[in-house]
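In C-alpha coordinates, the next block holds one chain alone, the form predicted on its own.
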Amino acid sequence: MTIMTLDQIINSLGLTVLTDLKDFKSLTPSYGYTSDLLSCVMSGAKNQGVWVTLQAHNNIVAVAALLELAAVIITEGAMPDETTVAKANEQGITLLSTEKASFYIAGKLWEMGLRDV
(Lines give C-alpha, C1' and ligand atoms only; values in the text may rest on other atoms or scores of the structure.)
Protein backbone atom coordinates (compact mmCIF):
# COMPACT_ATOMS: atom_id res chain seq x y z
CA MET A 1 0.00 0.00 0.00
CA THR A 2 1.31 3.42 -0.94
CA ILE A 3 1.34 5.93 1.89
CA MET A 4 -0.18 9.24 0.86
CA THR A 5 -1.55 12.22 2.69
CA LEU A 6 -5.07 13.51 2.59
CA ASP A 7 -3.58 16.69 1.11
CA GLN A 8 -2.22 14.66 -1.83
CA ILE A 9 -5.61 13.02 -2.36
CA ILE A 10 -7.43 16.39 -2.29
CA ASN A 11 -5.01 17.97 -4.75
CA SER A 12 -4.68 14.98 -7.11
CA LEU A 13 -8.45 14.55 -7.42
CA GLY A 14 -9.30 18.26 -7.42
CA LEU A 15 -11.62 17.85 -4.43
CA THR A 16 -13.39 20.74 -2.75
CA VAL A 17 -13.05 20.93 1.04
CA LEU A 18 -16.49 21.63 2.53
CA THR A 19 -15.52 21.65 6.22
CA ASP A 20 -12.95 23.51 8.28
CA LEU A 21 -9.37 23.30 7.06
CA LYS A 22 -6.98 21.02 8.92
CA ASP A 23 -3.37 20.00 8.52
CA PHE A 24 -4.23 17.60 5.70
CA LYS A 25 -0.51 16.91 5.13
CA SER A 26 -0.36 15.14 8.49
CA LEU A 27 -3.35 12.86 7.80
CA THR A 28 -2.52 9.58 6.08
CA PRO A 29 -5.65 7.62 5.19
CA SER A 30 -4.97 3.92 5.32
CA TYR A 31 -7.97 2.45 3.51
CA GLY A 32 -10.73 3.24 1.05
CA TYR A 33 -14.37 2.20 1.01
CA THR A 34 -17.21 2.93 -1.39
CA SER A 35 -20.89 2.46 -0.57
CA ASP A 36 -24.09 4.43 -0.26
CA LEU A 37 -25.70 2.03 2.19
CA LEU A 38 -24.88 3.19 5.72
CA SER A 39 -25.14 -0.28 7.27
CA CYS A 40 -22.55 -1.59 4.78
CA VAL A 41 -20.22 1.28 5.61
CA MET A 42 -20.57 0.62 9.34
CA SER A 43 -19.60 -3.02 8.86
CA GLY A 44 -17.04 -2.63 6.08
CA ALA A 45 -15.18 0.67 6.34
CA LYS A 46 -12.07 0.84 8.48
CA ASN A 47 -10.73 3.38 10.96
CA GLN A 48 -8.85 6.26 9.29
CA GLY A 49 -10.19 5.27 5.89
CA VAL A 50 -11.66 7.43 3.16
CA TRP A 51 -15.33 6.81 2.38
CA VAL A 52 -16.63 7.55 -1.12
CA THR A 53 -20.40 8.10 -1.35
CA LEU A 54 -23.04 10.15 -3.12
CA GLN A 55 -24.94 10.52 0.17
CA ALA A 56 -24.84 14.05 1.56
CA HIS A 57 -27.21 13.96 4.54
CA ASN A 58 -26.53 14.33 8.26
CA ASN A 59 -26.25 10.57 8.91
CA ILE A 60 -22.97 10.33 7.00
CA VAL A 61 -21.37 12.46 9.71
CA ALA A 62 -22.55 10.12 12.46
CA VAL A 63 -21.18 7.08 10.62
CA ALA A 64 -17.88 8.79 9.81
CA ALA A 65 -17.46 9.87 13.44
CA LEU A 66 -18.31 6.40 14.75
CA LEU A 67 -15.67 4.83 12.51
CA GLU A 68 -13.16 7.68 12.98
CA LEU A 69 -12.77 8.08 9.22
CA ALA A 70 -10.12 10.36 7.77
CA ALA A 71 -12.58 11.87 5.28
CA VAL A 72 -15.82 11.46 3.35
CA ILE A 73 -15.75 12.19 -0.37
CA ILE A 74 -19.22 13.15 -1.57
CA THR A 75 -19.54 12.49 -5.30
CA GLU A 76 -21.73 13.36 -8.28
CA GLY A 77 -22.20 16.96 -7.20
CA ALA A 78 -24.32 16.09 -4.17
CA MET A 79 -24.00 18.81 -1.55
CA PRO A 80 -24.68 18.59 2.18
CA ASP A 81 -26.76 21.30 3.79
CA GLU A 82 -25.33 23.79 6.30
CA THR A 83 -26.49 21.71 9.28
CA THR A 84 -24.58 18.67 8.02
CA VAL A 85 -21.42 20.69 7.43
CA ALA A 86 -21.72 22.27 10.90
CA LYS A 87 -22.16 18.82 12.47
CA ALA A 88 -19.11 17.53 10.59
CA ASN A 89 -17.06 20.45 11.90
CA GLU A 90 -18.26 19.73 15.45
CA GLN A 91 -17.27 16.07 15.11
CA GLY A 92 -13.96 16.80 13.39
CA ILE A 93 -15.03 15.03 10.18
CA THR A 94 -13.63 16.22 6.86
CA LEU A 95 -16.21 16.42 4.07
CA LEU A 96 -14.92 16.69 0.52
CA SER A 97 -16.89 17.17 -2.68
CA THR A 98 -16.54 16.41 -6.38
CA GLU A 99 -18.70 16.41 -9.50
CA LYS A 100 -17.12 13.09 -10.55
CA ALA A 101 -18.90 9.74 -10.16
CA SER A 102 -18.16 7.42 -7.23
CA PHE A 103 -16.78 4.79 -9.63
CA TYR A 104 -14.29 7.28 -11.08
CA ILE A 105 -13.11 8.46 -7.66
CA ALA A 106 -12.75 4.90 -6.34
CA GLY A 107 -10.72 3.98 -9.42
CA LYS A 108 -8.44 6.98 -9.04
CA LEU A 109 -7.89 6.24 -5.33
CA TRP A 110 -6.99 2.66 -6.26
CA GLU A 111 -4.54 3.92 -8.91
CA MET A 112 -2.99 6.17 -6.25
CA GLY A 113 -2.40 3.12 -4.05
CA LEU A 114 -5.24 3.34 -1.55
CA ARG A 115 -6.66 -0.11 -0.90
CA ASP A 116 -9.58 -1.66 0.94
CA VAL A 117 -7.53 -3.99 3.18
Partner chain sequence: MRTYRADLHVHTVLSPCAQIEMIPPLIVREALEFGIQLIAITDHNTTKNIAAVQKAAAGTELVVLPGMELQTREEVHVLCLFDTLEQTQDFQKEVDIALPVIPNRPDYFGEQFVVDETGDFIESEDRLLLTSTKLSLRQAWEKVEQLGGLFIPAHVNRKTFGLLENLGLVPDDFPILTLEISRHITPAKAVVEFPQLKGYPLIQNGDVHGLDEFLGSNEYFLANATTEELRKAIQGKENRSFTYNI
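Keep in mind that what you see is a predicted model, and the values were worked out from it rather than measured. Residue numbers count along the first chain shown, from 1.
Beyond the structure shown, there is the form predicted together with the partner chain, which is absent from this document and is the topic of what follows.
Just one of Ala56, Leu27, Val85, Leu67 comes within 4.5 Å of the partner chain in the model of the complex, counting any heavy atom, and that one is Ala56.
Looking at the partner chain in the model of the complex, residues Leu18, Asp20 and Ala106 place no heavy atom within 4.5 Å of it. Although the partner is absent here, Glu90 sits far enough away that none of its heavy atoms falls within 4.5 Å of the partner chain in the model of the complex. In the model of the complex, the partner chain sits within 4.5 Å of a heavy atom of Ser39. Shown without its partner, the chain has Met79, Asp81, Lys87 in segment 76-103 as residues with a non-hydrogen atom within 4.5 angstroms of the partner chain in the model of the complex.
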